[in-house]
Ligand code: BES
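The chain below stands alone and is given as structure tokens, in the form predicted on its own.
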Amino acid sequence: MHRSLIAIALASAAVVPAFGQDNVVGSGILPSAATNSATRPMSFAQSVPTKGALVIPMRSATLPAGAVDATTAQALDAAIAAAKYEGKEGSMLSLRGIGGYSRIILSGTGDEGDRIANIRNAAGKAGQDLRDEAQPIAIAGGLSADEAAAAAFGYALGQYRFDRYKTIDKKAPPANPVTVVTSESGAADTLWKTRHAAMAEGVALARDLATEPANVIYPESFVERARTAFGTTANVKIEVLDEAAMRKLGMGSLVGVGQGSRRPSRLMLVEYRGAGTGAPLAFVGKGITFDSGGISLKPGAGMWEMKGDMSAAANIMGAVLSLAKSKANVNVIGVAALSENMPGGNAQRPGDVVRTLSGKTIEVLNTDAEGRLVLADANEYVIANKKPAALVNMATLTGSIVGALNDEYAGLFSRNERLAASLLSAGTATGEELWRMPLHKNHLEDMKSDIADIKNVVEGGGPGASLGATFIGFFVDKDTPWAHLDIAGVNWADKAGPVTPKGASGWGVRLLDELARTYRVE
């Protein structure tokens, strides 16, 4: 290589500091120091721009009053009639060469269901379609303040992108602003700034963490990335337990999962207090930053997807970030139980017995059922030290929930009817929907171990999602309202949805944000 090229390479390389080869974990070379390209900023106005690109949410074939000037409206009416466009929910008609606009998108909301949700989805769908449009964007059509804020939120979710590792012919998408037009621009701007912007930031954090490769996000770097995201946000306290602290406490179930990896495990707690001294709502998430299956090794095909086995922990951090940055009147604790499950020489073996913080013992029959193991210790630590008013677990836990619910719902398991009802209501309100799944007393009987208190799987099959939930609930005392969300089918989008580009979905940020705001703590 020519000397000048070597100098350029050395100057641009992202290198992990090392004090000697024995201290290097991985290659010691980060894949990039770049960030994702900038997204379009949001603002609100009372008048419709006369140029750029325009998005008009349509509930029927009739243009909303005041969306465009009379001449442009006449041309649009003719185009709508020619295309037989009806404004059905999820439909879209893209037009060019009308009026002074580079492009006009008619994005259907339909006239049924939740109007706010339909407008959010219509804007999100348009945001994905307009990704490469090198023009300012306007969204207009007789929108109220609530509808305008929802449109901005949907567009923000839809325009998400993760492109920091692209280097060949990389061209950043346009970042021209988005202006949402409403006669209530001041009220819409307040709604956006006091809630929706923070929620969009929380979803982006969750998607970023889940999309990053496992050589970039591992327990220690997850902690630092989350710390950076929270920064100096008011009323937030962060606590992190390293392996030495967890060993001292006897948290053998969590530490055991990561013992085959050179990346040490962590337990991260982010507490936000926006409502005084009342008992907090606890969200406790599985954070397996890579899941090889351990000694019970997974098949190689598709194993790369296991970089996202920490999606639940990422989503929980995103939800707490949303609540804290919007100064919500709630008390919450977000917990990330972080390990890397690898088949190293020190890895735990099938048949090992581990002990949790409370002294309960687990026979580990399958090292690939590891998410429930990290949650066992995390639950016990939170209950013993934080005394939560209720506890919600979240995990990409089982393939069986995917077989049952596909990607339409996450599975909900709960012993508490009020908490379950609140979660179902929050799912309906946000579009992150849940389906109640069974827990039965026989499940616990099936999980009894011959040599320990409980085993982590039932060999030979059975209702895998319910058995996994039963195991997790075993480490939550009966007096604590508890629910478990199995998100294995919804954490990753194989194809784009209205507000979810293909890839990590950030599923659960909006759900948990809504739950925290609406759940009545007794």
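Start at 1 and count along the sequence shown; that's the residue number. Note that the structure is predicted; figures quoted are calculated from it, not measured.
What comes next is about the form predicted in complex with the ligand, which does not appear here.
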In terms of non-hydrogen atoms within 4.5 angstroms, which of the given stretches 286 to 294, 412 to 420, 117 to 125, 234 to 242 touches the ligand in the model of the complex?
286 to 294
May I ask you to state whether residue 368 is within 4.5 Å of the ligand in the model of the complex, using heavy atom distances?
yes
Answer for residue 63 alone: is it within 4.5 Å of the ligand in the model of the complex, judged on heavy atom distances?
no
Non-hydrogen atom contact residue 396 with the ligand in the model of the complex at 4.5 angstroms
yes
Does at least one non-hydrogen atom of residue 309 fall within 4.5 angstroms of the ligand in the model of the complex?
yes
40, 161 and 198: each with a heavy atom within 4.5 Å of the ligand in the model of the complex?
no
Option touching the ligand, based on a heavy atom within 4.5 Å in the model of the complex, out of 476, 58, 488, 53
488
In this chain shown alone, the residue from 430, 400, 331, 261 with a heavy atom within 4.5 Å of the ligand in the model of the complex is 400
